[in-house]
Structure formats: structure tokens, C-alpha cells
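Below you'll find only one chain, the form predicted on its own, shown as C-alpha cells.
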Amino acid sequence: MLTISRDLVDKIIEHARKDHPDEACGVIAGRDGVPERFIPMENAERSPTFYRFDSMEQFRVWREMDDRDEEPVVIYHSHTATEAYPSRTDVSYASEPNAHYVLVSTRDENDVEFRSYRIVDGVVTEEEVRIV
């Protein structure tokens, strides 16, 4: 189960809506599995159907997390025209077995679809999201 603050959920959704029609992406860093620090990142692809972290930005962010004794607790991105479910590409790029992979669908501007998954060795498992 992902337990996450309303403030962090709102920031993810705001970022997803701001970058629409392109996919948004980013990380929430934390300690001991607790999401704490919101880190919006650039979608290097600038695409409505695909996202990729810029390699230099990712290197900088991951080094900063290491320096702060943090880990990527949540890795998030948006889907602009489909449901909030990991694509085959999303699954193939999932490389943090302890992370919660959050997807937000921005296909309907009046409805928010916010879902979380664990992705380990290519296996996708949806998990409950508890907003506090």
C-alpha cells in the first residue's frame, strides 16, 4: 500500500495537468519508504505517448538523493489519452524494485485517475493508495 500526503498527490496531479498534452514525470524522494520530497522532472521526449528522464537530470537527482540519504519512494508519470495503467514500455523501464510507480491519467480534464503499482521483474501489481 502507498501512503501519501494530500499535498504530494495534488502536486503530482498539478504537474500532470500542466504538462498535458505531453506526459509529465518525476520522483518523490523519502526515507524508509515514506514519500516526502516532490521532484518534478523534465520529460526528455516531450511526447504525449512516452516519457524518459533526461539522463543528466536523473544522474543529478539520484546523486542528490544519495547525499541526503533518500531513496526514490515514488516514481510517477502521466498518461494523456489512456487509463492510468503501466504500458509495456513503462514495465520494461521499471528499474527500482522498492519504488511505488504512480500513474495519473489526464485524458479527462474533469476526472482524476490516480493509481499506484509495484513493478518487479516485469510483474505489475496494483496497490491501494491511502491519502493522508
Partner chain sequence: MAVEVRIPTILRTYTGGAKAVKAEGSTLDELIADLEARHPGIKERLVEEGSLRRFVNVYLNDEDVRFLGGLETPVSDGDTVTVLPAVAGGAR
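Residue numbers count along the first chain shown, from 1. Keep in mind that this is a model prediction, so the values were computed, not measured.
There is also a form predicted together with the partner chain; it is not shown, and the following applies to it.
Taken together, the three residues Q58, H79 and T89 all come within 4.5 Å of the partner chain in the model of the complex, as judged by their closest heavy atom.
Proximity of V104 to the partner chain in the model of the complex: non-hydrogen atoms within 4.5 Å are absent; the residue sits far from the partner.
The closest heavy atom approach of H100 to the partner chain in the model of the complex falls outside 4.5 Å.
Under a 4.5 angstroms non-hydrogen atom cutoff, the partner chain in the model of the complex lacks A84 among its neighbouring residues. Within 4.5 Å of some heavy atom of the partner chain in the model of the complex lies at least one heavy atom of F53.
In the model of the complex, no residue of 101 to 126 lies within 4.5 Å of the partner chain by any heavy atom.
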